[in-house]
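A lone chain, given as structure tokens: the form predicted alone.
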């Protein structure tokens, strides 16, 4: 399989987890305001995207977006600065964690459940009318897959054969609603046939399996064959947001999943079983990643906050101000 090696994907997953833990450090200190949605436990899905997408491909993510941004190549330090609301952040500290935006890499997010796919559809349509062979990836969860935007976007993409890839991270819980109580069919991928789309369900804890399936989905869309739907099954280890009491999931189930189905542990075990790296080499790489993220967090915390005098600069359009409308 082309692209990063399993060891390289593993270290990407390690960096992702250390990054998320750096975000968690800002919650009790109140350096981060509002809800914070962490993707710990879902690293394999994001790491599987590395090496497939180009800068000119669009990726539209959800409220649980940090890992997807890292996979798309968004620089980690200005992203962490944005989450910590610093002036050095991607959006000058005004967007926060749910509104990450990187124009150069065509990465954006929305905080509204189910709203990613209509935006991604727009990117796919733009690629078509501009004659580019770019694709647009819209990430959604199992809850977002039950909204109208999911069906409308896929119907239009199917009818017009647009290069839209829908990546569903099925972590089994739409906030507090279990998958089996909100969905009539055993899988979400089987909906693909209704839209003339390529469709597959894959184990989202297996980074190699997701990478292979994601590569096929992107190749299908880039070749002009229309949309693709990839459902990756996974499990979030923390609540829907930081502060969520998470009483709707049995504690025993959460403990068991963390112990037995941690994608980092599963990937490390596979590497060692294949002899692709030694335990000492993996330990050294993990320590290096932890040190790098710790240094990054310290640097971000030393960055300035946005100037209060610029608070309205990113709320109202400059043209409107010139017309005396504000």
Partner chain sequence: MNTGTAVRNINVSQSIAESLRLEMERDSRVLVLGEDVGLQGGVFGSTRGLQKAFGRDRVRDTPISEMAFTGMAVGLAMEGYRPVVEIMFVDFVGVCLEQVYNAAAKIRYMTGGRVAMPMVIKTAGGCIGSAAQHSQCLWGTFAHLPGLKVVAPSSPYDSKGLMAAAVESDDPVVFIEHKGLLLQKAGSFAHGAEVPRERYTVPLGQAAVVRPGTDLTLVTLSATVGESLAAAGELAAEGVDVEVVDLRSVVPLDLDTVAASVARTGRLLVVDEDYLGFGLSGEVVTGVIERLGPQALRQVARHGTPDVPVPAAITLEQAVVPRRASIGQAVRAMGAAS
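Positions refer to the first chain, counted from 1. These numbers were taken from a predicted model, which means no experiment stands behind them.
One more form of this protein should be noted, the form predicted together with its partner chain, which is absent from this view; the next part is about it.
Though its partner chain is absent from this view, in the predicted bound form it lies within 4.5 Å of a heavy atom of just one residue from 118, 78, 215, 96, which is 96. Screening 126, 193, 175, 251 for any heavy atom within 4.5 Å of its partner chain in the predicted bound form leaves a single hit, 175. Annotated contacts: 133, 158 and 197 are all free of its partner chain in the predicted bound form [non-hydrogen atom within 4.5 angstroms]. When its partner chain is considered in the predicted bound form, residue 143 lines it closely, a heavy atom lying within 4.5 Å. When its partner chain is considered in the predicted bound form, residue 112 lines it closely, a heavy atom lying within 4.5 Å. A residue is said to contact a partner when one of its heavy atoms sits within 4.5 Å of a partner heavy atom; residue 311 meets this definition for its partner chain in the predicted bound form. Heavy atoms of residue 54 never reach within 4.5 Å of its partner chain in the predicted bound form, leaving it off the interface. The stretch from 220-228, 144-152, 203-211, 164-172 that comes within 4.5 Å of its partner chain in the predicted bound form, counting heavy atoms only, is 144-152.
Looking at 6-35, the residues that come within 4.5 Å of its partner chain in the predicted bound form, counting any heavy atom, are 33, 34, 35.
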